[in-house]
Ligand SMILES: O=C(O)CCC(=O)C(=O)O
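Listed next as structure tokens is one chain, alone, in the form predicted on its own.
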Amino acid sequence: MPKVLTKQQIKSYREEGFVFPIRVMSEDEALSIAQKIENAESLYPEEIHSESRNNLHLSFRFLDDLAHNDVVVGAMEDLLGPDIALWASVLFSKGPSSGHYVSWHQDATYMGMNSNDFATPWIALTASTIEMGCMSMIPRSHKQEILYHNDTFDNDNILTRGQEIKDVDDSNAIDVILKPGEMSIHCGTVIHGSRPNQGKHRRVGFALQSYMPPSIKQTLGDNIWTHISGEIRQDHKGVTLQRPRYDMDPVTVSQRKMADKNLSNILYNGSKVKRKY
């Protein structure tokens, strides 16, 4: 019996490669977290900014709480089983009237896993509309292999390498419109992207990239994870990250630096260019 998702939602995820919307929390709760992010940016500008956006759940307790949210974790268990670890998190922010975008891509391209059967929740902490540059997904594109990605390193492309799949047929693309407090879930091979935010307000989303069952391991870099539910992973030479006891806990801030370095080495593997995120 599913914990959070309906049987139809699970079927949709399997057949389409993604599912949305799923209510995680109230709009007020989500907007409160968005405000906490702005407060953290003001208080700790060296820890959280546009080029320091990965693994912030290790620096801030309120984002760690989001990674362990009962609805999020229940949905992951519905899709992946009871034993789950989180590999990383990414804060996606687009300022109003900015040119930042995300090109068509597949997450699994550079993640270096032995399988691509993992899931990523994307939680809207503000509204995510077409005008504000919400994600778009290509239904059923997850059923093919990883396609060739061209590394552009375009300044406005907020992907690490500006990686893009050219000549994507987006005639049947689905716009993933979310209200604050709702989430989408997509798999590692579905083709997706997003346009610039042409709205008057900031668009903030928190991606938990990604939740992994025990069968999935790194083939590049080290196995470093946050335990989420079920049995704790026992991978050889693996590292279980601690949870922050409070914002800017020095223990987990230090672990974040280690995790970010490992993630950067994985994502930029084979590249002659290495950006700051």
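This is a predicted model, so every value here is computed, not measured. Note that residue numbering follows the sequence shown and begins at 1.
There is another form of this protein, the form predicted together with the ligand, and it is not shown here; the text below is about that form.
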W87, M113 and Q218 each touching the ligand in the model of the complex (heavy atom, 4.5 Å): no
Segment assignment from 161 to 169, 97 to 105, 139 to 147, 77 to 85: heavy atom within 4.5 Å of the ligand in the model of the complex: 97 to 105
Contact test in the model of the complex: Q209 vs the ligand, heavy atoms, 4.5 Å: yes
Non-hydrogen atom contact T126 with the ligand in the model of the complex at 4.5 angstroms: no
Touches the ligand in the model of the complex: M135 (any heavy atom, 4.5 Å): yes
is_contact(N197, the ligand) in the model of the complex, heavy atom dist at most 4.5 Å: no
Partner contacts for 177 to 194, taking the ligand in the model of the complex and a 4.5 Å heavy atom cut-off: H186, H192, S194
